[in-house]
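One chain comes next, on its own, written as structure tokens: the form predicted on its own.
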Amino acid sequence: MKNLVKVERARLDLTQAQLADTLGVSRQTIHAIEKNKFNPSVILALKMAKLFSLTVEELFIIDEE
């Protein structure tokens, strides 16, 4: 699954640490999500999408392979 978390975080001029604090997770979690090493929980994905004013489907793209 691909995602636009890094792009959207940069658009809002947030560091990984700032985004993590806002969402109540660790900076390492944000790093892992951005590197596609970790898929967030549904709750976290919804929180991220709301923060970025996107739908979950816009923020996280499923590979159709």
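These figures come from a predicted structure and were not determined experimentally. Start at 1 and count along the sequence shown; that's the residue number.
Although it is not shown, the form predicted in complex with the DNA is what the next lines describe.
Remark: residue 51 does not count among the residues lining the DNA in the predicted complex, judged by a heavy atom distance of 4.5 Å or less.
At a distance threshold of 4.5 angstroms between non-hydrogen atoms, residue 47 is out of contact with the DNA in the predicted complex. In the predicted complex, the DNA stays beyond 4.5 Å of every heavy atom belonging to residue 22.
When the DNA is considered in the predicted complex, residue 55 lies well away from it, no heavy atom lying within 4.5 Å.
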